[in-house]
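In what follows, one protein chain appears twice in different forms, each by itself as structure tokens: structure 1 and structure 2.
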Structure 1
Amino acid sequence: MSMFEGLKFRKVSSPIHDLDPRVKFFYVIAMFAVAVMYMELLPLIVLFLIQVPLVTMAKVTKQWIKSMRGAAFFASIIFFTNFIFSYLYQGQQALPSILEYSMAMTLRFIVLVESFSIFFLTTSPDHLGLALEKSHVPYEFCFAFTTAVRFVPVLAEEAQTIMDAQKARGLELEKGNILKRVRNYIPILIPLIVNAIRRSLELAEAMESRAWGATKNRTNLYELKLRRGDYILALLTVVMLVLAVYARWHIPIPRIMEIFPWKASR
């Protein structure tokens, strides 16, 4: 749950929040591509660090740390699986390089989470929906998207209440063999589904009552306009991409252990 917590949007006004979601999305994709290009620790550290100013500029440090903490569990899984498998494969001699490799793989994941959480923490889902609309995605889909985001916390809470209500009637979820355990979830799933259906009917009624589908030329309270900040971010992203591609093919990237040969002194 805590990882989702970090993805929850909170409206703050900051230069990063004001950026156009489309440009921010371009940045996230570019970040993703660059992170996947490199397997070395050094450039990934650079990628990690250059994003930190964005976080502070967006004033979302606290939530960002929260989502990073949420990612820590997966990060440690990635680290240990990489470490164990490489170790089994390459043996003890290569320990430092295995360590560096595993750390690089972990950091790659962290960089991805970092850029995605910057995106989600600074982009209101309303703006995101609008960006989808502007990218010629049909309005119904955009609406479905924002509504889904809106109702995730509501449904999660409802599921918890239903579980409590059934536990109060003596339901023990962890009791019995596998088959029994699966069946234990029926008293939770049925009310959850029934309520979801009822809720969607009520939503549909409310939408209809507010002139849903009155005209094909729907307008929007918000407007997306590219501003100076957007051009700057777009430019920086392109520069980063070009540099990264160039460096990939033309500059040999040293390993950290080559720069600080702590193991070599032995």
Structure 2
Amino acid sequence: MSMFEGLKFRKVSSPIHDLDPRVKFFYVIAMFAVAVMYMELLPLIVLFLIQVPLVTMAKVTKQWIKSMRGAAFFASIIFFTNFIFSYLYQGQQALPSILEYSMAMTLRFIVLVESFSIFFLTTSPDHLGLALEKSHVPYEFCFAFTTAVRFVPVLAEEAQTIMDAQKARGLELEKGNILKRVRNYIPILIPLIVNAIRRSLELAEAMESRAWGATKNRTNLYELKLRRGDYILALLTVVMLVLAVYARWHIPIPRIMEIFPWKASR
């Protein structure tokens, strides 16, 4: 459940929190495009490292580490899946080459989780919904999206609380075969679903009591304005994207095993 910590906004005074959500979302999309563009390990390592200063500036290092730790399980699945299938269907390749390819695919996933974690940790749901609304997205979709962003971490924490309570009552989740483990999660899913339905009904009643949707002329408490920091981040993102595209088509990207051939020869 710690991976969902990266979806929970942390209210901290930092330069990254003060940035416009639209600019930060543009940065995330650019990181996603560059990460998908490369299959080599070296540029993906660079993409991972250049985001670490943003985490430090945002003062959310502890929560970011939790999200990375939570993504380790899915990263291990991606690594072993790529390694096994590459070894079975591309057995003529050298083992270090297959290992490097599997690590690159895993690091690509980690880079994506890293960038989205920075975005959600530093962007409040109110500002995110306002940014979508300013981008001419229908308000109903904005409200549904921001509500989901708010409640995903809440449901994750509630699921962990239910698991701890059931373990205290003697429920063993880690023992038995796969089918038994799946059945053991039924006492966790039922109260979680019931609480989610109860919370959704309370939210619907609160919306009706406030006459939600009665008028289309809405006012907002906050106003989004681009500042100097937003222009700087947007410029750096465009430069990074242009350099990445240029390097992809005009500069040969060496592999780690080519830089350190002595490792491949052992």
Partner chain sequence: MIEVKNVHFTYPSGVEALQGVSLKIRNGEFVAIMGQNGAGKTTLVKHFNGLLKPSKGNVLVDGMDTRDVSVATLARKVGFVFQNPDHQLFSETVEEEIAFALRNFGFKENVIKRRVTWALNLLGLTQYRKTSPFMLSGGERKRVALASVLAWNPKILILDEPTIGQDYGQKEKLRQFILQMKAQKKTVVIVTHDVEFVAECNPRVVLMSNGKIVADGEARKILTSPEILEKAAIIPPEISRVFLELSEFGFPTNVIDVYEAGEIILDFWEAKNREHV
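Each form is matched to the other, and the largest set of C-alpha atoms that superpose within 1.5 Å is called the rigid core. All residue numbers here refer to structure 1's sequence, counted from 1. In this text, all values refer to a predicted model and were calculated from it rather than measured experimentally.
Looking at both structures, it is structure 2 that matches the form predicted alone. Hinge assignment between structures 1 and 2, with options 138, 69, 26, 184: the rigid parts meet at 138. Note on conformational change between structures 1 and 2: two rigid parts, with the smaller rotated by 19° relative to the larger (from C-alpha fits). Fit the two forms on the rigid core and the C-alpha of residue 190 turns out 9.0 Å off between structures 1 and 2.
Core superposition gives residue 212 a CA displacement of 4.4 Å between structures 1 and 2.
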